[in-house]
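Let's start with one chain on its own, the form predicted on its own, as structure tokens.
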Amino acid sequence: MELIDKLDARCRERWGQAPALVACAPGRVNLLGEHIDYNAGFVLPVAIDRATYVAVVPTDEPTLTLEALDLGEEAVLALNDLEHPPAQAWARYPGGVAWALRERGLEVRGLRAVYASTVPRAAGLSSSASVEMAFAMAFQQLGGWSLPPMELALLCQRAENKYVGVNCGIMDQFASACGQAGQALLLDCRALTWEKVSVPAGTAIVIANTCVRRELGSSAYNERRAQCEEAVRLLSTRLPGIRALRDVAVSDFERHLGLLPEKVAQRARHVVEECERTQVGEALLKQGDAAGFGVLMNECHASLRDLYEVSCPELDAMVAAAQQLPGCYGARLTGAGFGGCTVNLVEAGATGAFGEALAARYAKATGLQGEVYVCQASAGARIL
């Protein structure tokens, strides 16, 4: 692979030796269940064939020398001073993973690493989780210890929550750690159990990047999470058994709607209805009902746009264009929102014409050049 060759060459140029290992971790796209993982519900992600690659040269020095090839920047982190996050925002992701592992009592050896990614940054495809999981795999290999993929994912989530400062749920790290080639994964975000679910035969997952970038940490993501927690607090006065919005049935939500301020009610309605949509969606996937699942995707986008208010004009334009094209079963924004990508379920034989027409319509509507590519479900994080 050309990218791995570039990383190998950079290691040889900088440190005079080939990398001892190359770790890889995929990004992800979520088919249904958006903004549900931190509400303890069910989500349907797919690990994709775009990934972060980390080439590593071990060192006896107690430092992490990191070069982000895509950015043309580097950082040096002292292992005995990880309590103070580095100034460079990008370096906090690998630094946070090292911090979380050491906090757990696991050995983190010094290393020199060059990394690059084919996951678009700030596009809603979990580029940060793929960086975290790739470095977690490298630290594990060098440290001589082993954890199950879900445990590594939880440590990487902790790094992003407590070190980077983004209160993400577990879905992104889970999908990157536990991805299965050819399969979507239905994850119960409370029980942390999952099962493989096949994407309907004769369909393809197409990702469309608006090329409108967002910065997750500075977006309204954390605010939405706080609003969901407030809804649980207020609803629990009448529904004392609930611990998260996942526990609230649509009928109970309607009965106690008056307890909630307007904006909190909007956010909660999206979550409560999306939890139900995802469980219905699982059944439709198992039946091979692409058309029915596509309807749920369309409903999800409308809810994210109107109730959760995490869309933007460019995402809406991309989705509207896709929904009008032949061969498209359903389309919606994917990821946290505020820019980034849409996910589309499309007839497998229509992907070429669909991609060309979608790019043209998006450019006409917005004046921007988007990117469209067919996605394959991929295996999770691994050492190559």
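Because the structure is a prediction, the values reported are computed rather than measured. One rule holds for the numbers: they count along the sequence shown, beginning at 1.
What follows is about the form predicted in complex with a small molecule, which we do not show.
**Student:** Of the residues 338, 38, 53, 42, which one places a heavy atom within 4.5 Å of the small molecule in the model of the complex?
**Tutor:** The residue from 338, 38, 53, 42 that makes the contact is 38.
**Student:** Which pick from 248, 199, 77, 170 sits with a heavy atom within 4.5 Å of the small molecule in the model of the complex?
**Tutor:** By the 4.5 Å heavy-atom cutoff, the listed residue in contact is 170.
**Student:** Quick one: does residue 221 come within 4.5 Å of the small molecule in the model of the complex, counting heavy atoms only?
**Tutor:** Residue-level check for residue 221: yes, a contact with the small molecule.
**Student:** Within 4.5 Å, heavy atoms only, one stretch in 26 to 34, 311 to 319, 352 to 360, 65 to 73 touches the small molecule in the model of the complex. Which?
**Tutor:** Of the stretches listed, the one contacting the partner is 26 to 34.
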